[in-house]
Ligand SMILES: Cc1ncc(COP(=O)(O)O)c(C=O)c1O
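Shown below, as structure tokens, is a lone chain in the form predicted on its own; questions about how it binds or moves come after it.
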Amino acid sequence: MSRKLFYYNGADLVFGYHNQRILDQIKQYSKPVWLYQKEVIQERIQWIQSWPQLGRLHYAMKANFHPEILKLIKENQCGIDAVSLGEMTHAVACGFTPQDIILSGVAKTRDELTWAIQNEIYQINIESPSELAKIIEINKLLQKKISLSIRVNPEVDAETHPGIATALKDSKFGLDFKGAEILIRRIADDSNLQLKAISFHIGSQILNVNVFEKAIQVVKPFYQKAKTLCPELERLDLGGGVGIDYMDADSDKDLARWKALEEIYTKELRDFDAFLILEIGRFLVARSGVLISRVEIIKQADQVNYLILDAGMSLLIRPALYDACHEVLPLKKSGTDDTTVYTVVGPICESSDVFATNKKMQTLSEGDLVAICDAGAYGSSMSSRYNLREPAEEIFI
């Protein structure tokens, strides 16, 4: 069994562990298609749940909220990390209970907080004084016992793209330790408020997992101080953020990265008395999906060979938003050694609609199909109808 998720069997591109040709799933191509393999997600859930100290894995559903994926998450007794009323109600519609849900986010509305309080969700992650004030005001009428977490910023550089770093001093997310302590004292004075957790999340797509070690070391003493103020404190929410190498779809390397992070968690939290929570999205689902697209136009402008696909940033915005990389592979290998250096772009009326520049590939023709790899996270969930493009079909294989 190959541990590479994308490889060629003869001339055919294969996706997954069971020699499944992508072309077998595309009988009559008419528009872009998302292809998913749930087995890839299942394997990664098992990796993480095998960590003996883990209390509960919560899936960050903003990565991909397809009902089939959420069904698999629920079957594995995972919870949900939600960031909106829409995500919470969608999770419930897919079979989760409110007690499975953690609500995160920097600008929770009155409607979101009211729903969360009325339905007694597992945990609300507080990120500002205004939010706590809003919760207290709403609860004057509801008079519920509310399980809260304070999200703190360890001020650790996550060594990731600035757009997905979330725990620096000037971040819009979370609270510094001084501000967090003020809110903890306010919670301690209200019998309806229960500080159940301290949480942190330093960023997304983190490849150097050593940054988590410093974050934990900074947060642990604050947790102990908070517990002296609120003895009901019992959970440490470690967030998520572990990334994947988008240019090397090797499951063994992903497992090694997780094991390195597990070793850090184990060492730093071996004797730490708390129920440990993880909120992970990308690492579970990114490898599980590919976006199939057709070469519509090949043109040359000055010295640039443009490979123009029928899928663009309206479907997969990560390259335009973050300069993110996704491997682009032909579904069929040619029988020659001819190659061309392409700039791979989409059809959207924006110059930023670019998937890859100066990419050396086999020489392609108009009508050829390609796979844009590792698109299971923040692909479909971030897609739009810009230019009134049709959404792509989603197929599970």
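Since the structure is predicted, the reported quantities are computational estimates derived from the model, not experimental observations. Numbering starts at 1 and follows the sequence shown.
Form predicted together with the named molecule: not shown, discussed below.
**Student:** Please identify, from 204-212, 225-233, 248-256, 262-270, the stretch that has a heavy atom within 4.5 Å of the named molecule in the predicted complex.
**Tutor:** Residues of 204-212 come within 4.5 Å of the partner.
**Student:** Answer yes if any heavy atom of G241 is within 4.5 Å of a heavy atom of the named molecule in the predicted complex; otherwise answer no.
**Tutor:** Taking the distances in the predicted complex, the answer for G241 is yes, it comes within 4.5 Å of the named molecule.
**Student:** Would I280 count as a contact of the named molecule in the predicted complex, using a 4.5 angstroms cut-off between non-hydrogen atoms?
**Tutor:** The answer is yes: I280 has a heavy atom within 4.5 Å of the named molecule.
**Student:** Taking the named molecule as it sits in the predicted complex, is K108 in contact with it (heavy atom to heavy atom, 4.5 Å or less)?
**Tutor:** The answer is no: K108 has no heavy atom within 4.5 Å of the named molecule.
**Student:** Do R151 and the named molecule come within 4.5 Å of each other in the predicted complex, heavy atoms counted?
**Tutor:** Although the named molecule is absent here, R151 would touch it in the predicted complex, with heavy atoms inside 4.5 Å.
**Student:** If the cut-off is 4.5 angstroms on heavy atoms, which of these, K31, K332, R56, K62, is the one near the named molecule in the predicted complex?
**Tutor:** Contact check passes for K62.
**Student:** For the stretch 96-131, which residues lie within 4.5 Å of the named molecule in the predicted complex by non-hydrogen atom distance?
**Tutor:** Contacting residue: only S104.
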